[in-house]
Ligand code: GLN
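In structure tokens, one chain follows: the form predicted on its own.
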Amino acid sequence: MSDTPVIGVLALQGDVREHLVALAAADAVARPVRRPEELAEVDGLVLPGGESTTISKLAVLFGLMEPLRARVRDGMPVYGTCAGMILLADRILDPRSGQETIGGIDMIVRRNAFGRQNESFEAAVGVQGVEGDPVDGVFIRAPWVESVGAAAEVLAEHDGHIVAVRQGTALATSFHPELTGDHRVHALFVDMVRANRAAESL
């Protein structure tokens, strides 16, 4: 078995291309995922930023929502940025009508918590598990995590708010590391996928 993991990016809406580039730079084989059969072929999955309600409705329309939930429940590594963080939350504080989540992280998330599009900003964020200087976090209509359950580990905070969380094989950030050229967060996720593959092969 090749040591290079195959990692998908959910390609229904959002900044898919940037994640594909970042994953390739972090030594993964990166593929867009739009159909259940494509989901079945990947070792891990990135849920990109975009509009969380739109992505959830498209996932239902494309027949992906239940396969996604099943694979996350079964331990497939998954990484959500911004809207992807909302999709991984077990609970949304202020959901829009018809909005669903995949779940997987015991956290409560507040949508658009850092403000509207014109209030977007960048900030240095120290992320546990990422060595070296803080990560340059790009926050665009970003959520924050109101609270986490006992199984979830807080990896980063900004201005007193939780902005990065991990629970087992699931990782989520409020910010967009794929927009900065710094691929260390993606490398952390690729390492998670490698470790999961190694554990499954035992």
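Residue positions are given as counts along the sequence shown, with the first one as 1. These numbers were taken from a predicted model, which means no experiment stands behind them.
Separately, the form predicted in complex with the named molecule exists; it is not shown, and the next lines address it.
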task: Please name which of the stretches 158-166, 31-39, 133-141, 65-73 has residues with heavy atoms lying within 4.5 Å of the named molecule in the model of the complex.
output: 133-141
- request: Answer for Ser120 alone: is it within 4.5 Å of the named molecule in the model of the complex, judged on heavy atom distances?
  value: no
- prompt: Does any heavy atom of Val109 come within 4.5 Å of a heavy atom of the named molecule in the model of the complex?
  reply: no
- request: Would you check, heavy atoms only and a 4.5 Å threshold, whether Gly44 touches the named molecule in the model of the complex?
  value: no
task: Considering only heavy atoms, tell me if Glu153 and the named molecule come within 4.5 Å of each other in the model of the complex.
output: no
query: Though the partner is not shown here, which residues of 82-102 have a heavy atom within 4.5 Å of the named molecule in the model of the complex?
result: Cys82, Ala83, Ile86
